[in-house]
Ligand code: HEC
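Here's a solo chain for you in structure tokens, the form predicted alone.
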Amino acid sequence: MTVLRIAAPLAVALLLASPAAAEGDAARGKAKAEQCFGCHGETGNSTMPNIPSLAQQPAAYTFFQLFLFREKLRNVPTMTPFVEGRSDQDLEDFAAYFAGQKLEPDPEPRDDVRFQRGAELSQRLRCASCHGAGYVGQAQMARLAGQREDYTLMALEQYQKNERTGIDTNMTAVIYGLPAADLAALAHYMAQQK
């Protein structure tokens, strides 16, 4: 496991430095992404519990996640068949398509107590330092604003239990020891962001 934690960032760095890390083509991405629509929605707006919306995610973020799935550095068995045998260009095209779609969040009604607690936590934990002003994501960091609340909560719980691995272990450290109610407040706050 330690070897993977060292090798994964190196592999991604080499990939980014190589000519293979080309720009994606959104039109090609849409044609290739039809298999994604059943869960993530044709416009990248998921209506399925615990399935993320991909609309307006930074292209680099989506590319990295697909790359990690393909290279088996992030274990999500339901994604494996969709990325096996895909080229880097395919992954770039998927990412470009979903990055260009408009996020249309449908959050649950705002709970002022949870919202305020989430706002306090996001400031204390400095969530914007990685996820960008307004939590809209940047580079390989996910957009949290408007993401499905159930998905964000599930992801936070997985990070906290060290069940969501990849190339970056910072999230596990950031939320270490937070009670379940605080994780729920963070997820609620992020879902309410425009």
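All values derive from a computational prediction rather than experimental measurement. In case it trips you up, residue 1 is the first one in the sequence shown, and so on.
Absent from the display: the form predicted in complex with the named molecule. The rest refers to it.
Colleague: Is there any non-hydrogen atom of S87 lying within 4.5 Å of the named molecule in the predicted bound form?
Modeller: Because no heavy atom of S87 falls inside 4.5 Å of the named molecule in the predicted bound form, the answer is no.
Colleague: Does Q116 reach the named molecule in the predicted bound form if we count a contact as any heavy atom within 4.5 Å?
Modeller: No, Q116 stays farther than 4.5 Å from the named molecule in the predicted bound form.
Colleague: Check whether Q140 has any heavy atom within 4.5 Å of a heavy atom of the named molecule in the predicted bound form, and answer yes or no.
Modeller: Heavy-atom contact with the named molecule at 4.5 Å: present for Q140.
Colleague: Just to confirm, V174 within 4.5 Å of the named molecule in the predicted bound form by heavy atoms?
Modeller: Judged by the heavy-atom cut-off of 4.5 Å, V174 is in contact with the named molecule in the predicted bound form.
Colleague: So, C39, T62 and R126: all three within 4.5 Å of the named molecule in the predicted bound form by heavy atoms, or not?
Modeller: Checking in the predicted bound form: C39, T62 and R126 are all within 4.5 Å of the named molecule.
Colleague: Mind listing which residues of 45 to 69 have a heavy atom within 4.5 Å of the named molecule in the predicted bound form?
Modeller: Residues within 4.5 Å: N50, I51, P52, L54, Q57, Y61, T62, Q65, L66, L68, F69.
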